[in-house]
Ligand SMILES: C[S@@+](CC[C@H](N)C(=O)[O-])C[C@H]1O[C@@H](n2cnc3c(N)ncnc32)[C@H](O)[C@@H]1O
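Shown next as structure tokens: one chain only, the form predicted alone.
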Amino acid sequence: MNFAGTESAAYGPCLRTPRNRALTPVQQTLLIPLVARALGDALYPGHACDDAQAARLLDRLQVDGNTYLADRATVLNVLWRTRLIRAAAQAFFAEHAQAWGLNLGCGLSHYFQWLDAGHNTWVDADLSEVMSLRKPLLPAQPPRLRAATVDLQSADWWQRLRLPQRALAQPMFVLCEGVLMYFQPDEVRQVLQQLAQVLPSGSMLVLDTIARCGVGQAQWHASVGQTQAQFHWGIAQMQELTACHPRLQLRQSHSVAPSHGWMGVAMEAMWNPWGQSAPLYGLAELLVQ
């Protein structure tokens, strides 16, 4: 969630795939975390994520990333969640050295630069248009870094990943970042239920959430509002994430509010005075039992 009000930024031309097809509004949001990781470290050195790939990708896309930096609240949000995701995944792979990781809705992120532990495997997955854009931009991939085309809104999305049996022979790490808030609530439940049904016991699912009050309000978000994408899913209670399937357990939840100082804490306190609601913007770690 953006804590900076309705500050706007000037955005560049619409991104297109190598076949000259324009990305949809939701797909266009992939530039927001890319710019934050490429240029945000200088603004927030305490939250720096040292993304060696992001600046190179931004240059190859010929996007003026500085125009996105006006939305500093979102830049901080992205850096904050990136560091949390990286830490959670590194801890997971330290315990499960040969496990597989799956990034659903990867956009132009490159988490494997931090998560390659020598024996684990990582799969970046997104819609065909995004993967078409991604393929020529990223360097030659090592054998343990894979790519897949998947539409989470299709009924057979899990089968289309075509993961080998060895991937499911041990716990998996699954990331779904900057994706589900653009889905309808029923679609989110279906994704969570599918993952709960197929993932091995001990698997971890990490996803970001917005509060329900943000649904339908994307036009006021300084970055997302420029893409014409809309928020359709948010939560009022963290328990909503686990209510859809008995195998899901909330391991930990995080709120970005403290990273924004006293103003962020005060805003969240006004929304959630008794500390019993979901954060305005947060990250959830779910375990599959």
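The model shown is predicted, which means the values in this text are computed figures rather than measured ones. For every residue, the number given is its place in the sequence shown, counted from 1.
Quick note: we don't show the form predicted in complex with this ligand, though the next part is all about it.
(message) Can you tell me if Phe183 lies within 4.5 angstroms of this ligand in the predicted complex, counting non-hydrogen atoms only?
(response) Close contact exists here: in the predicted complex, Phe183 approaches this ligand to within 4.5 Å, heavy atoms only.
(message) Taking any heavy atom pair closer than or equal to 4.5 Å as contact, tell me whether Pro33 reaches this ligand in the predicted complex.
(response) Yes.
(request) May I ask you to check whether Thr29 falls inside a 4.5 Å heavy atom distance of this ligand in the predicted complex? (result) Contact with this ligand, yes.
(request) Look up in the predicted complex whether Thr74 has a non-hydrogen atom within 4.5 angstroms of this ligand, and give yes or no. (result) Taking the distances in the predicted complex, the answer for Thr74 is no, it never comes within 4.5 Å of this ligand.
(message) Please identify the residue among Ala99, Ala196, Val150, Val206 with any heavy atom within 4.5 Å of this ligand in the predicted complex.
(response) Looking at the other structure, the residue within range turns out to be Val150.
(request) With this ligand left out of view, choose which of Val179, Val174, Ile210, Leu192 has a non-hydrogen atom within 4.5 angstroms of it in the predicted complex. (result) If I apply the 4.5 Å criterion carefully, the residue I get is Val179.
(request) Given that the partner is absent here, state which listed stretch (258-266, 243-251, 57-65, 33-41) has heavy atoms within 4.5 Å of this ligand in the predicted complex. (result) Careful reading of the contacts points to 33-41.
(message) Under the 4.5 Å heavy atom criterion, name the residues of 215-231 that approach this ligand in the predicted complex, in sequence order.
(response) Heavy-atom contacts within 4.5 Å come from no residue here.
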